[in-house]
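Two forms of the same protein chain are encoded below as structure tokens; each is given separately, as structure 1 and structure 2.
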Structure 1
């Protein structure tokens, strides 16, 4: 296989979550370790990726620093606070019990759970096509989808109002993202997301919110639910102490990844 072809595959693997492991590449490229390392080194020197121990990731969301293909707002968000989101995703994945069924809401932070779910044999109900794509290579993970129409802005599946879209599903845990969180509760940028998430919340025993610390300083959006409906918040170390205290006062369990 040739360098150009390998590069194409690397980016293809990199796009969904912003990260590829060295192991994945070994299988995907069918090339010797030395060659893979050389490819990664070259791509890093040209600024197109960032190497990390064990793989490579897309550069953190500084805009206009290279000829990367990212059109949708979603693709732009993937690289925002990528490191924090990866840590949060990993911590969230650690809460899943092998073999159980969980719900994962769409979002760039929840997306980062996916690489860590491999091998757990989970049953994942999600409304996000991005998450479907990320989970597709994991043979042991069962993917369930609700019915509905595809909403392109967020690449999620949206059921018509009042319609039963996921019959007979109930899960111990829902992992949810958000545009912002504050004392008023959890907020989303787009009102149509609110309806979708509310439906998920109603079907979960426990609601776990995944938000990087920048979401605590944003305030715009439509309210999804109050803090009383949230059981756990997973965030990064950038959270302000008073925010942490406020969450715990509201009875929310706080996990800092």
Structure 2
């Protein structure tokens, strides 16, 4: 099991109560005590957990009574590269067919699809309250939501991994964003986001990634999926030629908005 996967499982174990014991981690991770200590030390040094007697806990203010996500808050991120995001959102909306069902993952770029969906009569499954608010004035758009907890930094609804939170809904296309993308795959800042997006990817026939070109220069985070699971990437003209070539070599369709 890779370090990123172990970290994801550690955070999943921490979410319900804010504490996990060493004994539980040994069973959950199927790893040696030395490996678990190194993982916890690394997470503590980055400020994501606090090691305590018998295990680890979330930092104060990060417990289950007020779930929080790692990464840039939505209200801060929404103003970054806004022009590029608006063009990307418009290009993504043009791929939707009247009357179909689609899944739209929460994000500041996927949000920009919403003004261009009016009149298409879509069924939209989304985990984003921002997207819900943008779609509510569209009388012909049917909105579906998963169950889970609201994470206020992103105004998004997420459930722990392994918990069935999605309504019975089939959609041919998933539109999603990312914190970063590189040769190793698509990345997010928080393991809880990774688990939620994996559930969406597993339901989709076609995965369409909406990212402005700045996301190609920050290649750190927990991997959501490899490039081989992405069908289309919509970005702006700032994408570097070597990254564009890497996407095409991986069989990904590249759309420059």
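The model shown is predicted, which means the values in this text are computed figures rather than measured ones. Positions refer to the first chain, counted from 1. If you superpose the two forms and keep the largest set of C-alpha atoms that fall within 1.5 Å, you have the rigid core.
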Which number goes with the form predicted in complex with the DNA?
1
Rigid core superposition, residue 48 Cα moves 2 angstroms or more between the two structures
yes
For residue 247, state whether the C-alpha moves by 2 Å or more between the two structures after rigid core superposition.
no
Core-aligned Cα shift of residue 10 between the two structures, given in Å:
44.0
